[in-house]
Every structure is written in C-alpha cells, then in structure tokens.
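One chain comes next, on its own, written out as structure tokens in the form predicted on its own.
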Amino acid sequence: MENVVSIFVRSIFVDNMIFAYFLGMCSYLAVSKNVKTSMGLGIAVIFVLGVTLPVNYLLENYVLKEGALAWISPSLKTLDLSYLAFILFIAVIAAITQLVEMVVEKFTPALYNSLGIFLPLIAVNCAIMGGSLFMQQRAFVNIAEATSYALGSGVGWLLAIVGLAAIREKMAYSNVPAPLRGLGIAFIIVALMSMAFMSFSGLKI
C-alpha cells in the first residue's frame, strides 16, 4: 500500500507528464486559455489514463510478453508478441477516447463544443501513450501500482493545465509586451512552472 501511495505522489509532482517530460504539450497550450475548459479536458485525461493504462498493463503481462500466454497452454510459453505492443496500446487508447468523446457530447455539449478538436485528439496525446510506455519501462509488479501511476499522471496533468489556465486568465489583465503576447508569454510561464516543480525532485517519497 505504501508503494502505491508513493507511486501516486511521485507521478503527480516528481514525474509530472508536463513539467518533467513535456508530454501532451499541444493540447496543454491550446486549451489552457480558461480554467473551466482546462478542468474538463484534465478530467477527461484522468479518465482515459485511468482506464487505458491498467488495460494495457493486463495486455502487456498476460498477452504480449514472452511467456505471457503460458496460462492458456504450456506450448505457448515461448511465444513473444511484444512487437504488437504499440499498435494494441494505440487501439485501446483510441477506443476509450471515443467512449469519452461520446459521453461528453451526450451530457455536457457546452464543454464538448469548447474543447473542439482537442477532445478526440486525446487519442494521439503523447502523455496518454507515454503513460503506457513508462508502465512497460518501470515494470510495475501489480495492476494496483499501474493504476496508481495512471491516476497520478492524470492528476498531475490536470494540475498543470488548470494552473496554467488560471495564470493565463490573470495575464489577460496584465500589461504584457506586445511581442510576448499569446504563446510567447505562455512558454515563459510553463518554463517557470517547470522549474518550480523541479523542487519536488529532492523529496524522498
């Protein structure tokens, strides 16, 4: 249990998808113009990560890895399907993203319209795919650790985009030099936020 909590906290603050790895920057910068829209997209990212990463963990450990199919038949213990990992991970992510898009369109059409093209683009959000690839790399011992990492990564992404959105809303009333208005000042803010999050890397969690 302690390890699960540690993974969750580290994935939010130390291994933040935005500030540590700069994954998912396209939708992060494009949608972070107001807090309400950013919150909606952040919750969608948490849901997609929270569902896809455990499913991909099960695929990795019970279908794709060498010897993973031994539970079906001992004759399959030498079979290695790991070369299919990318395409299967993408298929799972695309399916879950499509489900999220349909739910958001059905129940919150205003949020669906405000998110525009960036909601279906969660399917190609490199933060989502990055979560599954990091799961492979870190070789979590059970699905609880993988789920904890998924939810923590999603919460970290949510905090990052809502924080930037809140600052950008305030910046609308600031006297920003003309050459830096828009994405220019946004890049500077993201860099400063990233440096601030680096202070968490010294924590022993």
Partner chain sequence: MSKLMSAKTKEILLGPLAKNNPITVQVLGICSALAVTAKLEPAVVMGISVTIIVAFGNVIISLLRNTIPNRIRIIVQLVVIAALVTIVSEILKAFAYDVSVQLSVYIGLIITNCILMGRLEAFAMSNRPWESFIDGLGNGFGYAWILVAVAFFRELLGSGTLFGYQVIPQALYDAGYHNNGLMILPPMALILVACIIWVHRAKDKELQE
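Since the model is a prediction, treat every value here as computed from it, not as a measurement. Positions refer to the first chain, counted from 1.
A second form of this protein, the form predicted in complex with its partner chain, is not displayed here; the remarks below concern that form.
Full three-residue contact with its partner chain in the predicted bound form, heavy atom 4.5 Å, for 94, 182 and 198: Every residue of the candidate spot has a heavy atom within 4.5 Å of its partner chain in the predicted bound form.
Identify, from the list 79, 129, 111, 100, the residue with a heavy atom within 4.5 Å of its partner chain in the predicted bound form. None of the other options qualify; the answer is 129.
Tell me, yes or no, whether residue 137 is in contact with its partner chain in the predicted bound form, where a contact means a heavy atom of each within 4.5 Å. Residue 137: yes, in contact with its partner chain in the predicted bound form.
Please tell me whether any heavy atom belonging to residue 29 falls inside 4.5 Å of a heavy atom of its partner chain, as the geometry stands in the predicted bound form. Answer yes; at least one heavy atom of residue 29 falls within 4.5 Å of its partner chain in the predicted bound form.
Within 4.5 Å, heavy atoms only: does residue 23 come near its partner chain in the predicted bound form? Flag for residue 23 set to yes.
Contact with its partner chain in the predicted bound form for residue 72, defined as at least one heavy atom pair within 4.5 Å: yes or no? No.
Quick one: find which of 53-61, 148-156, 172-180, 37-45 has residues within 4.5 Å of its partner chain in the predicted bound form by heavy atom distance. This holds for exactly one stretch, 172-180.
Could you list which residues of 184-202 come within 4.5 Å of its partner chain in the predicted bound form, counting heavy atoms only? 184, 187, 188, 190, 191, 194, 195, 198, in sequence order.
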